[in-house]
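Just the one chain here, the form predicted alone, laid out as structure tokens.
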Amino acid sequence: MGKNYEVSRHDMVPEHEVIPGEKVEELLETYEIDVRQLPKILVNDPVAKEMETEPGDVLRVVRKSPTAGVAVSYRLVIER
């Protein structure tokens, strides 16, 4: 793997996308949670790094699921 390898293109890496701020607020209101209650992902995680995320960003992760078809989860980007 060279420097030009894109981690996000690997078959085992689910789709990730940064959620815009206004959508984050809707998400938090829908689930009646605080952003700090979301599962975390480190800013230096290979996918987060490739996406050039910053601490405080929220990612939507979409995985294929044999039982549900599609499983969506969210992650808060944090520093170490």
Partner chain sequence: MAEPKQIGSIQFGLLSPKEIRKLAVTKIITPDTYDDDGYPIDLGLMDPKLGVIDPGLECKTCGGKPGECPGHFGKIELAAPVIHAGFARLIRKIMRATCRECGELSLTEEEKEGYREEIEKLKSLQQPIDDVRRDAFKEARKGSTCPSCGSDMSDVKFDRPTGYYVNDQKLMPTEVRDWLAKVPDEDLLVIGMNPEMARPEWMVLDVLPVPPVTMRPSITLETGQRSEDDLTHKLVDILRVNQRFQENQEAGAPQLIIEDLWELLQYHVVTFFDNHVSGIPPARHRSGRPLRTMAQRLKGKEGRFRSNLSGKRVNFSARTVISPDPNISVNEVGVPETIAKELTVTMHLTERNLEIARDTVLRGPDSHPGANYVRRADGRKQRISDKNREELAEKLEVGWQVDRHLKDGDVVLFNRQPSLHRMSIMAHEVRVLPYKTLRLNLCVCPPYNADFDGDEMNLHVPQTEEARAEAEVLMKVQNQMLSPRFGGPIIGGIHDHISGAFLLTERGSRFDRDDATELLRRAGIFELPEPEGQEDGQPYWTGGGLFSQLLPEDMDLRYTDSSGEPVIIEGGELVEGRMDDRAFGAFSGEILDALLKEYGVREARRFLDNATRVAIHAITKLGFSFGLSDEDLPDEAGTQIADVMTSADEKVENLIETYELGELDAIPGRSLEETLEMRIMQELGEARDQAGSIAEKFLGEDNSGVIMAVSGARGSMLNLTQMAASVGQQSVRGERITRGYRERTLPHFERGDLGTAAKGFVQSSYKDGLTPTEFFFHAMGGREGLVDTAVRTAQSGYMQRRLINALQDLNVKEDGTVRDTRDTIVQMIYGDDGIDPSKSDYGEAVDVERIAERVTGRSP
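Remember, it's a predicted structure, so these values are computed and weren't measured experimentally. Numbering follows the first chain given and starts at 1.
The same protein has a further form, the form predicted together with its partner chain, not shown here; the description that follows concerns it.
Going by a heavy atom distance of 4.5 Å, is V72 a contact of its partner chain in the predicted bound form? Yes.
If we define contact as a non-hydrogen atom of the residue within 4.5 angstroms of the partner, is M12 a contact of its partner chain in the predicted bound form? Judged by the heavy-atom cut-off of 4.5 Å, M12 is well away from its partner chain in the predicted bound form.
Look up in the predicted bound form whether A48 has a non-hydrogen atom within 4.5 angstroms of its partner chain, and give yes or no. Flag for A48 set to no.
Would L38 show up as a contact with its partner chain in the predicted bound form if we use heavy atoms at 4.5 Å? Flag for L38 set to yes.
If you look in the predicted bound form, which residues in 62-80 sit within 4.5 Å of its partner chain (heavy atoms)? Counting only heavy atoms within 4.5 Å of its partner chain in the predicted bound form, the contacting residues of 62-80 are S65, T67, A68, A71, V72, S73, Y74, E79, R80.
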